[in-house]
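What follows is one chain in structure tokens, specifically the form predicted alone.
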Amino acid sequence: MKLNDFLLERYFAQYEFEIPYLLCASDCESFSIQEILQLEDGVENKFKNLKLGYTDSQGSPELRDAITTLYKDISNQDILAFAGAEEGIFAFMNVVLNPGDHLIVQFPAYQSLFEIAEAIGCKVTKWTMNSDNWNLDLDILINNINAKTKAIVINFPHNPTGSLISQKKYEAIIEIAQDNNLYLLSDEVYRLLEYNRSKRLQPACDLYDKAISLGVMSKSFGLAGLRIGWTATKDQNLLNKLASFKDYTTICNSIVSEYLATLALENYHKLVERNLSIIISNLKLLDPFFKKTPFMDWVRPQAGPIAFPKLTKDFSSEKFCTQSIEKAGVLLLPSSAFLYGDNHFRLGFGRKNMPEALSQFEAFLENTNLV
């Protein structure tokens, strides 16, 4: 398998730790180890006395028990832990797909959700969202399913737009997958960060036996450094194949990361509450910013710490983002990193220093002749 460069990750590798203001980060404000250990009494000594040996390749029973609290009808035997969500995506694509298979992927998308399938030799249909409202047309999905279609890939809350769909339309997608006996990979890494709780979608794995819900500690929980992700599915045959594939990648996770992730998930309401408070506070600054900025449009996100504004002037988002870096030290992510044209950019607002970064960005816009 030969993979093309992961454009988003190469972009971040070039700039992320060199630029003072990240205004495109996809995760929430990170927690410290001390903050996680303070979630419960008496755990600090347990943490210090961990034996640094191998862990259960499926994930420790304690971790998997904690993950099940995020779902309604999933047991710890339905969970497989990975080193981040990326490994789960990689394993799913390699286990499920063969050369010549067909995959339908909601688009724009994190590149691995379609790039791996293409490298395997699959035909990929990009199910492109309507940029006026970031909605999805179900007829496009139905009309593109054929005899070689193996899976549908969806992502809600959505990266990079922060959009959601109605529960009714979501259930219609699941019904389409079920009627056609297709796998449904549901990227749910921003779930729990909905601004309106009533709009939260049910986990796909709770609704359909061939659905795979993808989760991670990085996004909603602000714990990217733990590198803990997972898949949840009732399809035990698939789960066993994923576990066997993992034997050739990471085999098992770090016991330190699993311990901290377990502790965090046992108290996840506290983490989500803090992260949502930062997001909502930052949104109150972004609303007036977009009202007064004439050459940018945005569809206001409904969940998560990211949005995907559009530049309405006739210039390149790549050039715009480069100017922002060079003249203001503010990092934005051009839509070309998503292979989605050249007039959008990803904005991130899940971190505490977002107001300072936004102030720098505004100064850049006021003092720069954009060309």
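Please read these numbers as outputs of a predicted model, since none were measured by experiment. Start at 1 with the first residue shown and count on from there.
Although not depicted, the form predicted in complex with a small molecule is the subject of the following passage.
Which is the contacting stretch out of 252 to 260, 123 to 131, 136 to 144, 186 to 194, given heavy atoms within 4.5 Å of the small molecule in the model of the complex? In the other structure, the partner sits against 186 to 194.
Which of these residues, F92, F221, Y208, Y110, gets a heavy atom within 4.5 Å of the small molecule in the model of the complex? Looking at F92, F221, Y208, Y110 one by one, just Y110 meets the 4.5 Å heavy-atom criterion.
What is the one choice in T233, N155, T161, N275 with a heavy atom within 4.5 Å of the small molecule in the model of the complex? Exactly one listed residue reaches within 4.5 Å, namely N155.
Identify whether the small molecule in the model of the complex is within 4.5 Å of every residue in the set S26, V216 and R227, based on non-hydrogen atoms. Contact check passed for all of S26, V216 and R227.
Evaluate E118 for contact with the small molecule in the model of the complex, applying a 4.5 angstroms cut-off between non-hydrogen atoms, and reply yes or no. E118 lies outside the contact set for the small molecule.
Taking the shortest heavy atom distance, is A85 within 4.5 Å of the small molecule in the model of the complex? So A85 counts as contacting the small molecule.
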